[in-house]
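Here we start with a single chain on its own, the form predicted on its own, put down as structure tokens.
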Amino acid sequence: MTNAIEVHSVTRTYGRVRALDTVSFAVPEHSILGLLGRNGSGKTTIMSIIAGQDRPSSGQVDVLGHTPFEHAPTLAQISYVRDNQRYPDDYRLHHVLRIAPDFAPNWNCDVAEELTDGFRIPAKTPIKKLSRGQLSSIAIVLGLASRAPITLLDEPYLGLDVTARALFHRMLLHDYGQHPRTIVLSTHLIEESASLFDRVVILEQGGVAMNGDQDDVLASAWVMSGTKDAVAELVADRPVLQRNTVGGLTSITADFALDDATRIRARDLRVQFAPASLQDLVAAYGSSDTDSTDVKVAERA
């Protein structure tokens, strides 16, 4: 499978602040990647570098086989819509829709019209006076109607109600099915978005905590709960991502395969277990109260 995006040992520093620390991952062509992590984990920084709006301090990013920074043919294939997108003060919706095709060779007016109608974006109100949700709606219109081969969506949900988020999901999957492209979606609404992702990258403190196919990632992550001694016996020296103990009861998020023998032993010890969700994993990696046996990097090819 051809990779549309390849990130090789990227580090980005701003003075003494290390926003990214030797980050590496790849995004296969025509796939949807969930870029997840806490605020400040480096998601927007790496998206800006992929979009060609910033350069790494070291390492390399290739998009469609080229370094995107100041490479016009590659930049023309990228649509990057940030949560804080800026517009001229006098702009209204029609100004944005009129100028967008000049920057998006694959722009589709039908998609743009269906989204603007579905989101009920006011046509006559200056953009600077729109609500947070309405601004997010415009950003989604730009991101999806561009049909760019590389589409980067940074927190597109801000301020959207549940109906608008459902419309976004429906339109994204429908248009992606008809016109496959490579999409990187950064979001904190993990449970709502998980069904969209083929692959996930979890960033924590500027590094990659987990990277791989979503099914493979979830197949080996578990949440277990029971008495403190029973959980400790079951887990032994296996990797624990997060541990919460209240009185004599313990709940852990763990990263290891649960074989038949372990399942039987868990039942004998009355330890309850269930597959960890993506939200469980992001919370575990992002927790400041992790166990000393934490594993901070995991990759599923």
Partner chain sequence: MFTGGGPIYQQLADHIAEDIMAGTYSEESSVPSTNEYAVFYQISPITATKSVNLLVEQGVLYKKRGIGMFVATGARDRLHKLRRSEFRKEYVAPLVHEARLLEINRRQLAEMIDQENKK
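Positions refer to the first chain, counted from 1. Everything numeric here is computed off the predicted structure, so don't read it as measured data. Whichever C-alpha set is largest while still superposing within 1.5 Å between the two forms counts as the rigid core.
Quick note: we don't show the form predicted together with its partner chain, though the next part is all about it.
Colleague: Looking at its partner chain in the predicted complex, do all three of Arg16, Ala76 and Ala104 come within 4.5 Å of it through at least one heavy atom?
Modeller: Verified in the predicted complex; spot residues all out of contact, no.
Colleague: Name the single residue among Thr250, Thr44, Thr253, Ser31 that comes within 4.5 Å of its partner chain in the predicted complex, judging by heavy atoms.
Modeller: Answer to the contact question: Ser31.
Colleague: So which of Thr116, Gln214, Thr187, Ser146 gets a non-hydrogen atom within 4.5 Å of its partner chain in the predicted complex?
Modeller: Here the answer is residue option Gln214.
Colleague: Could you tell me which stretch in 119-127, 82-90, 195-203, 147-155 has residues with non-hydrogen atoms within 4.5 Å of its partner chain in the predicted complex?
Modeller: So the stretch in question is 195-203.
Colleague: Is it the case that His71, even though its partner is missing from this view, gets within 4.5 Å of its partner chain in the predicted complex, heavy atoms only?
Modeller: It does not: once its partner chain is placed as it appears in the predicted complex, His71 has no heavy atom within 4.5 Å of it.
Colleague: Taking heavy atoms only, is Tyr176 within 4.5 angstroms of its partner chain in the predicted complex?
Modeller: Contact check for Tyr176: yes, within 4.5 Å of its partner chain in the predicted complex.
Colleague: Would Arg170 sit within 4.5 Å of its partner chain in the predicted complex, counting heavy atoms only?
Modeller: It does: once its partner chain is placed as it appears in the predicted complex, Arg170 has a heavy atom within 4.5 Å of it.
Colleague: Contact with its partner chain in the predicted complex for Ala166, defined as at least one heavy atom pair within 4.5 Å: yes or no?
Modeller: Within the cut-off, so yes.
Colleague: Along 267-283, which positions have a non-hydrogen atom within 4.5 Å of its partner chain in the predicted complex?
Modeller: If the 4.5 Å heavy-atom criterion is applied to its partner chain in the predicted complex, 267-283 yields Arg267, Arg270, Pro275.
Colleague: Comparing between this form and the one not shown on the rigid core: C-alpha of Glu70 shifted by 2 Å or more?
Modeller: The answer is no, as the C-alpha of Glu70 shifts between this form and the one not shown by less than 2 Å after core alignment.
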